[in-house]
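Shown below, as structure tokens, is a lone chain in the form predicted on its own; questions about how it binds or moves come after it.
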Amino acid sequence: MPAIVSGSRVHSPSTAAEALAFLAEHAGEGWRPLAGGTDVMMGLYRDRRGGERWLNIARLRPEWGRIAWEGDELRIGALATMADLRESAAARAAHPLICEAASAVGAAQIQNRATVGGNIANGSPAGDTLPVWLAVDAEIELTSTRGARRVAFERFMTGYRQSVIAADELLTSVVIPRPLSGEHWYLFRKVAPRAAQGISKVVVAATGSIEARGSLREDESPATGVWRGVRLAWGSMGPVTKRAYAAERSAEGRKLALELGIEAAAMLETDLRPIDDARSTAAYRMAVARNLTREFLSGNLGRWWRV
């Protein structure tokens, strides 16, 4: 692989406090966080740069890798791996979308190394977990020696592989609000060239509450209920993850029906601007998005989730 690595420097702090202090002292000098490292060689190949400076935070996983409820919020440490996320009962209770997305990242070997924070901070438009954080109203916690601040995931990415992270900050947690009780319908779908270890052409995380008269049985159709709080979040469609707001609004308070799905699918272009690239075409991406939206809002595609 034609990448330059001979000039690389690595600093490995032993504590979170040491990592933040080092980054504050050397802000602006090009030190880049290194955690699972699953995307490092591809990044070196893509950027064709030598002399990288890496802040190796992998050994801080005991401090920044926990997944636990704190009151009405689930805190997911940035150094939790996709395998941790996939197997986490707390994450599944917060939303099954989280575990399904983690299961779609690479192969088992990648999931054992790839971290939550790395998947987000890497900023790839095709990142499998990114639409999920948008769909579940997650906040990103950024920490420096100046303290911690939270940014809604929707405002975190500012462009292709660009974010609001300051030079002296590290992404330390993802915070999810406790879900409301009730009946919910959700969908995670990754469309890629192959069934396993493919890079997404389109990835969607969709969810919404079903307001019904009484509790529906496991085998009962959700068609008797109406939609509340629909979220349609899309990845691999453009430079950043996007929500389809017009389609979401069209579903509010309406019954699950084919007519609704068709109407909402026609509104996707209001918010989505898919791109042509090496993996797919804009026309294909939009066709897939319309099909998934139609079937999800019709109640023909998705799964129950009860809180």
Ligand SMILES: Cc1cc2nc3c(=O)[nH]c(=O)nc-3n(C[C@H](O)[C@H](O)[C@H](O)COP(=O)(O)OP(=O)(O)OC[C@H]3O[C@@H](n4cnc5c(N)ncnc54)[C@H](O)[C@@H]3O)c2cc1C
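In this text, residue numbers run from 1 along the sequence as written. The model shown is predicted, which means the values in this text are computed figures rather than measured ones.
Although it is not shown, the form predicted together with the ligand is what the next lines describe.
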- Note on the structure: None of Ala83, Ile210, Ala126, Ala91 but one has a heavy atom within 4.5 Å of the ligand in the predicted bound form; the exception is Ala126
- Using a 4.5 Å cut on heavy atoms, which of Leu187, Ala121, Cys99, Val230 is close to the ligand in the predicted bound form? Ala121
- Query: Does Ala247 reach the ligand in the predicted bound form, with heavy atoms at most 4.5 Å apart?
  - Reply: no
- Contact flag, Gly65 vs the ligand in the predicted bound form, heavy atom cut 4.5 Å: no
- Task: Would you check, heavy atoms only and a 4.5 Å threshold, whether Ala35 touches the ligand in the predicted bound form?
- Result: yes
- Query: Are any of the heavy atoms in Ser236 no more than 4.5 Å from a heavy atom of the ligand in the predicted bound form?
  - Reply: no
- Verify the flagged residues Ile57, Arg113 and Leu171 against the ligand in the predicted bound form: is each one within 4.5 Å by a non-hydrogen atom? yes
- Message: Looking at 147 to 155, 68 to 76, 100 to 108, 179 to 187, which stretch has residues with any non-hydrogen atom within 4.5 Å of the ligand in the predicted bound form?
- Response: 100 to 108
